[in-house]
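Presented as structure tokens, the chain that follows is alone, the form predicted on its own.
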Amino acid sequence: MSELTAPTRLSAADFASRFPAHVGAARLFGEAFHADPHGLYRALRARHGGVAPVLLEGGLPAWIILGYREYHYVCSHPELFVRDSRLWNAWDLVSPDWPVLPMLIERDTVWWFEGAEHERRSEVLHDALGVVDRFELRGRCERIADRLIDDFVATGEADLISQFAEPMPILALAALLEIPSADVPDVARDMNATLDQGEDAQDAYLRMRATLGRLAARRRESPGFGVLSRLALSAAGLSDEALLDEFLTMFNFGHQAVGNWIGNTLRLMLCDPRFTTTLAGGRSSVAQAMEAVLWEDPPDQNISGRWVVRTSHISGQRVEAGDMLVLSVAAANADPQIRPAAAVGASGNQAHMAFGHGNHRCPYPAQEIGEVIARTAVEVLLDRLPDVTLAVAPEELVWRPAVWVRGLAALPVVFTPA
């Protein structure tokens, strides 16, 4: 939305006239939300059912999709609910420095397209990602995990987020996406700042685009053999902007989702009785813990978003043309209508929404790559640190203050030095 100017300020009466359902709506931001998002989802479901009005940062209106069936319905009807953020009926309320803005600006990527162009771009990504050798990737990930652990194994203590879960996928993806090691720390820092929606979010986003844009241009001029080069050389003839946006999308989801998948799995295995009793067994329970995380603490807890094409009804709730929908993966997975005994787990059931649903579901090769990176990381760590334990009480662990992603700020542990 480059044409944005100063925001229009609505009086309370005007806001109530335009968005009556959102007067006094729950806030999808702030300390209360970040402290217990699952509690908010339960409260909203009890009051509103599968669809509820919420306010995003700055008090902007949206609807959150809480129910599993409602999530499925929205994703299965692209003729009614699209990724085109230009339709939003609240753009005039957005200030140019709104921290959520980088998440909603339209980009030249498969993530935003529908129909024939979406299918064309999906084929490009499948072709580029499909050539990744999973066995070679696992071997590389084992070496990366060992190097990271070598850096702290002699100390007997570590923060498994900053020292392991965060850098692990970055280093693995850097090789696949042909990102020089010297650029990795800055790109990762700016990606985190963008998703955490702090004061630096927009500046961080622009810095990240500039860095990745430079790398994409280099691969266009001097292609190699990685995923980025295959995109640059694709018969689809991606423009410079499209190449950059696809590059940015892949790095975003790969870095954040896989890093949080690793961190959330380690937390679960260290804290949950279902896994702590078999922790010494290591590999035998890793796959189960990873699957449980996708149900209970999915790395991408909320997805932005869909926009309503024309006035519609979702599970009896009227939504107007231009309304924004936030798809809550975490809430849909916890819907008691499909998981009446969520505490028991969901072993063997892969019907979660952690990879999305419908035409914008995460490409299967990307899912496989993410799983190889995450599973290898957790297995190597448990092999190397078989007596690892939390250094604090589980209730002292703090989640990152982010609406879209679900990950710990830190995971301090202790173990026998080696």
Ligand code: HEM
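The first residue of the shown sequence is 1; numbering continues from there. None of the values given here were measured: they were computed from a predicted structure.
Quick note: we don't show the form predicted in complex with ligand HEM, though the next part is all about it.
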Quick one: of H360, R69, R375, R384, which gets a non-hydrogen atom within 4.5 angstroms of ligand HEM in the predicted complex?
H360
Counting any non-hydrogen atom inside 4.5 Å, which residue from R220, R107, R83, R138 sits next to ligand HEM in the predicted complex?
R83
Among 158-166, 297-305, 143-151, 184-192, mark the stretch whose residues have heavy atoms within 4.5 Å of ligand HEM in the predicted complex.
297-305
Do heavy atoms from each of H38, P99 and A330 fall within 4.5 Å of ligand HEM in the predicted complex?
no
Spell out, yes or no, whether the shortest heavy atom distance between G49 and ligand HEM in the predicted complex is within 4.5 Å.
no
Should H118 be counted as a contact of ligand HEM in the predicted complex, where contact means heavy atoms within 4.5 Å?
yes
Indicate whether ligand HEM has at least one heavy atom within 4.5 Å of a heavy atom of Y73 in the predicted complex.
no
Please check if G370 has a heavy atom lying within 4.5 Å of any heavy atom of ligand HEM in the predicted complex.
yes
Taking ligand HEM in the predicted complex, which residues of 250-274 have any heavy atom within 4.5 Å of it?
M250, G254, A257, V258, W261
